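Just the one chain here, laid out as structure tokens, in the form predicted alone.
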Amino acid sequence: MANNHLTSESKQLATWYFTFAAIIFGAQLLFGLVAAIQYVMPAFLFELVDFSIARIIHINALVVWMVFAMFGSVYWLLPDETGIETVGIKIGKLLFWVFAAAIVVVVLVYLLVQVGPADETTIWFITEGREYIEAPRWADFGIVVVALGFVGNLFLTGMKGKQTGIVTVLMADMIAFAGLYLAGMFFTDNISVDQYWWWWVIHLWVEATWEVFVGAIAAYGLITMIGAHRKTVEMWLWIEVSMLFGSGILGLGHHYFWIGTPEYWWEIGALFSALEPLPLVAMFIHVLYDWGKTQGSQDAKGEQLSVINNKPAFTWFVLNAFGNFLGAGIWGFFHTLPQVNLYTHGTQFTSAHGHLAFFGAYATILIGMFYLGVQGSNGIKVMKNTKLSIWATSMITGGVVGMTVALTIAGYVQVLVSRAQMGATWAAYFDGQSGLWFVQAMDWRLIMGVVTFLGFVLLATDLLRTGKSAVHER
């Protein structure tokens, strides 16, 4: 991404975050592909990269690239929303390099060391062994320091510059974002207690702070791309805040049965989990309805009011609204209902939900921000879809949906064979894994994974080519 047209250091820093995020995004898909191959061909890369290591990098790279893209998105919008340069931007740039270097070191340790001694040395220097937050303890502290520095930049800028609803929501949300991570940094030798706090990090990140963040970014993007009314998007943003902070905490209850809490958490958790995506979808529907009514209208200067000034980004933003509803809402709801989750917990149903929810709720809107970054970095007034962007969007979306369907079928087989017919024994587990439908579903998951990765290659090419062509035209 070229920076010669940037008018603010904050936006320049945002492009650094976007670029690193895109690299880690590619690594996430690559190691996901490795793990998918190992699932159907267990000898693949035997004694070089174990399945457990490929899975660790795949899952943790997912979290890391999204966090980098989130930080970049905030640095991008801050000058526009506040009207001033981000306060403490030099510290922000230093923390970026600290964060990036730490991630590189952690990944190298995963690949080169892989397994440590059975003592606390492993927890401090190799991996903590907690899914999604497997970074070693030293990296945990580093992440908190970087996050607090980022929060400091956000707050100092928000208090000094113009205050908008979007910035105010982000300020509140980022406190929770940084604070919730602390719940996963201490260790207890009681597995139920440890899992309880682990879930607070995982699910309150994704079901509260990340969802609110997405709402704020969606509000900014709709104002930027189609001139949505600020009052409309901020109204829905505040509704989302009230619902998500409440429903996110209560929605966490759909996991509690498995650590021995009272049964009333089943119904509470299932109900409120399903409510979380609704405000974001309502925001898009309301804004698009209002926007549609302006088509054909002109402003005082005679310019069209309904022009989309960044069609690739707008496409990804719209995919976010409905991908969030499908992945987090529909796929989440139908397998977390307690009466169903009794059979589906720990099967590929969970993986199907995870793939579609993370993609639909977060990846889509962050890819949209990549395109806004390319547009702003290169001073492009109106950014149109290219053949590459259309193919990339279609292949990534189609690939993820294909993986979701394949994993759903695999989960269905596990429920029928491993749980319902054979009673959830170890023998039942292996019988379920060897079933024809399950094996075929894993093959299709791999095929769709290849499609997704090729779509990413086209996406990266389109982002780079758009930036270069914009510079060349000048």
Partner chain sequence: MANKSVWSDNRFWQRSATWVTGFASVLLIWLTFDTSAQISMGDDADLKNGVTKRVPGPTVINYKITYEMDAKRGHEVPVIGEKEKFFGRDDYSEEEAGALLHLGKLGSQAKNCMDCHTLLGNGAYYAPDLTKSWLDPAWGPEGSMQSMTGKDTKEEAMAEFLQHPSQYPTHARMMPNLGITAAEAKGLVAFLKHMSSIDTNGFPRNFGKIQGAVHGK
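Numbering follows the first chain given and starts at 1. Here the rigid core means the biggest group of C-alpha atoms that line up within 1.5 Å when the two forms are laid on top of each other. These numbers were taken from a predicted model, which means no experiment stands behind them.
What comes next is about the form predicted in complex with its partner chain, which is not displayed.
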Can any non-hydrogen atom of residue 260 be found within 4.5 angstroms of its partner chain in the predicted complex? yes
Please run the contact check for residue 385 against its partner chain in the predicted complex: heavy atoms, 4.5 angstroms, yes or no? no
For residue 160, is any heavy atom within 4.5 Å of its partner chain in the predicted complex, or not? no
Could you tell me if residue 429 has a non-hydrogen atom within 4.5 Å of its partner chain in the predicted complex? yes
Looking at 194, 85, 80, 290, which is the one with a non-hydrogen atom within 4.5 Å of its partner chain in the predicted complex? 194
Position in contact with its partner chain when the complex is considered in the predicted complex, options 106, 337, 241, 401, heavy atoms within 4.5 Å: 241
Whether 99, 151 and 461 jointly form a contact site for its partner chain in the predicted complex is the question; each needs a heavy atom within 4.5 Å. no
Which of 217 to 225, 357 to 365, 185 to 193, 372 to 380 lines the interface with its partner chain in the predicted complex (heavy atom within 4.5 Å): 185 to 193
At 4.5 Å, heavy atom to heavy atom, what parts of 46 to 82 sit next to its partner chain in the predicted complex? List them in sequence order, or say none. 46, 47, 50, 51, 52, 53, 55, 56, 59
Please check if residue 97 moves between this form and the one not shown, taking a CA shift of 2 Å or more relative to the superposed core as movement. no
